[in-house]
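Coming up is one lone chain in structure tokens, specifically the form predicted on its own.
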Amino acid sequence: MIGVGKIKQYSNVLDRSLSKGKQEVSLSAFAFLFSELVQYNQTQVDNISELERRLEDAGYAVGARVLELLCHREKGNRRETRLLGILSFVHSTVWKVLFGKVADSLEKGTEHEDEYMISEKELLVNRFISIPKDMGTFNCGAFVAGIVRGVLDGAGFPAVVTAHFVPMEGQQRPRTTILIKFAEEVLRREARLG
């Protein structure tokens, strides 16, 4: 018979399984919503550093939720306990879910033992943003830095996470580097685990 079979009856989105579902959002819808977020926060602040802090706070909330969702979907409710494991998780799994690809690079800082950098040539949140001259070094990557900080804090790896533009030779636009500076307690725990 046509049309007879197993019918899934979900009364609302909350009844659906977390392990399935459409994982894509329209790029134009995201760009519109993100630009509205930036514009709204811009009207609420007096300077660029406060605007970046507000974007980072918004990203932090997203990062905490992304960690919960991905730990449930990808890892069977298990979390990373090692420093390189959580960095690899952010660099690959989190980045792929959020931006559709793995981050361009993950590097350890050369000057400080507690610093790591995730670099992206064209970060999605900076792709459609034109920054007026009066805003100087404003970087929408602060939102992504907040996401990374939310994931790391939720996983038990407190860190200071910031976004920076790094000029590249031969490129019109600079790449964005997410600088992660871990708390001393994380390094002590990592040394203890050996």
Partner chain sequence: MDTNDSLRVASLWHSMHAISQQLSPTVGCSGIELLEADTFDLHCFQSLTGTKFFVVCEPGTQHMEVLLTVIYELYTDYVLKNPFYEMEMPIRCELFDINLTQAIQKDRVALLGR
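Note that the structure is predicted; figures quoted are calculated from it, not measured. Positions refer to the first chain, counted from 1.
There is another form of the same protein, the form predicted together with the partner chain; it is not shown, and what comes next is about it.
The listed set 28, 49, 44, 137 contains one residue whose heavy atoms approach the partner chain in the predicted bound form to within 4.5 Å, identified as 28. Interface residue remark: residue 129 is counted as part of the site for the partner chain in the predicted bound form, having a heavy atom within 4.5 Å.
Remark: residue 181 does not count among the residues lining the partner chain in the predicted bound form, judged by a heavy atom distance of 4.5 Å or less. For residue 38, a non-hydrogen atom is located within 4.5 Å of the partner chain in the predicted bound form, even though that partner is not displayed. Stretch-level contact check against the partner chain in the predicted bound form with heavy atoms at 4.5 Å: of 148-156, 161-169, 29-37, 61-69, the positive one is 29-37.
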